[in-house]
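Heads up, the chain shows up twice below as structure tokens, two forms, tagged structure 1 and structure 2.
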Structure 1
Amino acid sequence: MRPSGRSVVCGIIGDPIEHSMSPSMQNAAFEATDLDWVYVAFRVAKGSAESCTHAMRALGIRGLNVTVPHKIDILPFLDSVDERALRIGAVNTVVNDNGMLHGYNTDAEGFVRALDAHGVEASHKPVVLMGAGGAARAVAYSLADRGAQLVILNRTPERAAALAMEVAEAMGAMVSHGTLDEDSLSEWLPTASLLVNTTSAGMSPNIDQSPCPEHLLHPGLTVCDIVYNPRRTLLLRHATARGATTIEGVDMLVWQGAIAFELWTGLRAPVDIMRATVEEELNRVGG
């Protein structure tokens, strides 16, 4: 369906944003559900989150996805924030209801649904989380909520410590932390059942990077990488070679997008079409 003068507008804000698969995925979902809606990408520089909220109201934009670097910065400028997003301290989806802006975090539920789809149980299991940014916050709270024995590793250890303390206090959980380096990974990975990468290591165009040395991966491990371009990151390829189970970033991308679609439209998301669209687009660009 071509955009018209009556088209409802949604979009995504971030910087960089050119790599995003969300426009293809969401526009395919709108078309599949016969909605006269259109989804576009907006490159928005850091520090401009407040301006985006004014623009949403002024232009009648129905919904936004929010990615780096705005997931935390946008919170003070929303009229309400969902309890889960407030606890996480990051918003990735905004709904505009007649000028009232409501913030949600669909990354958290998207991650949980990706685990469930692969039959991965994190409860009372040792889990290593690499990264401490906005996406890591959602993943960390989700894992703590499921009772995982969580350790957070980050190249800047102070950020790992701060996130670990926040999650521990909010969830009443024990959360360990450390530096994301080979020494820490050597300490924690041998007994881990799940390894989650939320860093940008391995993301196109830096496809020859991995946040974890291959020799530390093992067959008893499930490795989840939230990077989705390329689909098979170097980390996931190494994991497969070492006999580990893998979960691609496409899984979390599609599920978080489906939840956002449902928040905006009130309709059930066509998940299979959204996934097929992302996979087709990644194949087209060589991801």
Structure 2
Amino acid sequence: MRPSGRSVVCGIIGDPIEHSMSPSMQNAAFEATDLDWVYVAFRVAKGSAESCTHAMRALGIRGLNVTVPHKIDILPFLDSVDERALRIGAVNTVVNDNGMLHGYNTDAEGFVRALDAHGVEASHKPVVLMGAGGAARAVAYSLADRGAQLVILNRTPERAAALAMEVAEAMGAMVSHGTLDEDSLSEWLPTASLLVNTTSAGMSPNIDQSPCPEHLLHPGLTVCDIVYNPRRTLLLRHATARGATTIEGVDMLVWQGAIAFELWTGLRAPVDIMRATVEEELNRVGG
């Protein structure tokens, strides 16, 4: 549908932003649901999160996705923040209800929905999480929320220890931690049911990297990579070769977008169309 004088506007703020898949994915979703809505990418420099909240109210922008470097900075300027986003300390979706701005974190819920869509049961099972950065936080909280026995391994072990302690305290869960190396992986992986990569190892242009040696992967594992460019990372290709089940980063990208779509529109998201659009876009850029 061509934009009109009545078009409702949504968008994404971040920097860099030009490679975001969200405009294609969300505009395809609006079109598929016959909504006169448009979604645009705004390149917004660090330090301008507060201005964006004023702009949202002044321009009547219905929804924003929020990405690096604003996910944490925007929190104090919202009228309410969902409990889960508050716990994670980061917001990636804002809904504007007549000038009242509500913040959510759909990364965490998107991750859980991707697991559900693949029938992965995380509760009371050992889960190894590789990485301790921003992406790891949302994943760690959602896994602890599901009752997983979490082990956080990171190249810089101090960051793994800090995240583990924080999640353990906030969720009343037992969380182990260590260095992301072959020794720790060989200690934890044999009994693990789920391995999640939140590091940037394997992400384009470093497509020859994998955060885990191939020989440690086994058929009892589900391996989930949040990297979506390329779609089949070296880690996921190794996992398939070793008989493990795989969940692609595209799944999580699509589910976090689907939940944002539902928060803004109140409609069920056309998930298959959103996924097809992202896949098409990734094929176009060579993912």
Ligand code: ATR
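Only the largest set of C-alpha atoms that superpose within 1.5 Å between the two forms is called the rigid core. Structure 1's sequence is the ruler for residue numbers, which start at 1. Worth saying up front: this structure is predicted, and the values here are computed from it rather than measured.
Checklist entry - Structure 1 or 2: which one is the form predicted alone? => result Number 1 is right.
Next on the checklist: After a rigid core superposition, would you say the CA of R57 moves by 2 angstroms or more between the two structures, or not?
Outcome noted: Yes, shifts by 2 Å or more.
Next on the checklist: Using a rigid core superposition, assess whether R232 undergoes a CA shift of 2 Å or more between the two structures.
Outcome noted: Result for R232: no, shift under 2 Å.
Checklist entry - Is the C-alpha displacement of V44 equal to or greater than 2 Å between the two structures once the rigid core has been superposed? => result Yes, because once the rigid core is superposed, the C-alpha of V44 moves 2 Å or more between the two structures.
Checklist entry - Hey, core superposed, how many Å does E182 shift at the CA between the two structures? => result Its C-alpha moves by 2.7 Å once the cores are overlaid.
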